[in-house]
Each structure stands twice: as structure tokens, then as C-alpha cells.
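Presented below, as C-alpha cells, is a lone chain in the form predicted alone.
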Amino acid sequence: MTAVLMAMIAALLIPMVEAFQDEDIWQRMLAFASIATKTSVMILVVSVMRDDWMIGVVGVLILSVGNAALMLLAHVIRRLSEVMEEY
């Protein structure tokens, strides 16, 4: 199971590099959403390894609510930048 967690951590680095390289707000938010998804899946794996369902509940909440809030934030930032360009 430790090898699985190490592979997940290595896969987590890919969107981090993308987030720091790209200037487009949508690409950055998608990279952060990918990080949040991968982190919540890692939390679920740890909860199965420890047989602790409370940690699993937290992982499911992050998985279901976290990405929606991040995409809403990206949309608000995009709309604000469009409004600022008009003035």
C-alpha cells in the first residue's frame, strides 16, 4: 500500500507543475481541481488502510464539495477580469 501512496504523490506533482507554468486562470483552476481530487482520493486510500470511516467521510466531502467551489471561484475571477477589461 505504501507504493500506491508514493505513486499517488508522484501523480500529484504533475498538476502542480502545470499550475505554476500557465497564466490562464482556467488552466490554473483546473490544475488545482486536479490536485484537490487526487488529494481526496489519497485520503480515501489512507482511510481504507487504517479502517477509519471518519477520515473517509472527510475525503468524500472534499471530493464532492471542493471542486464545485473551486470552479465557482474560477468563474467569478474570469467574469471580474472581463468587466475590468471593458473599463
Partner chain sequence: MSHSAITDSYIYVIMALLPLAALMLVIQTSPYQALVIRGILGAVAALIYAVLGGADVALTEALVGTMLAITLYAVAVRSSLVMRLGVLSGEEVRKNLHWRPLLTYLRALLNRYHLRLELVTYDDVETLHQALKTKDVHGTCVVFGPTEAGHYPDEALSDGHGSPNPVPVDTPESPYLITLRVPRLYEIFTTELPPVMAQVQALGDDGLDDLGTGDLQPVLADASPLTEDD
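Note that the coordinates shown come from a computational prediction; the quantities given were computed from them, not determined experimentally. For clarity, a rigid core is taken as the largest C-alpha set superposing within 1.5 Å between two forms. Numbering follows the first chain given and starts at 1.
Below, we refer to the form predicted together with the partner chain, which is not included among the displayed structures.
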> Is L61 close enough to the partner chain in the predicted complex to count, meaning some heavy atom within 4.5 Å?
Replying inline: yes
> With the cut-off set at 4.5 Å between non-hydrogen atoms, does V48 touch the partner chain in the predicted complex?
Replying inline: no
> in the predicted complex, which residues of 28-57 put a heavy atom within 4.5 Å of the partner chain?
Replying inline: R28, M29, F32, I35, A36, T39, M42, I43, V46, M49, R50, D52, M54, I55
> Does the distance between the two CA positions of I77 reach 2 Å or more between the shown form and the other one, the core being superposed?
Replying inline: yes
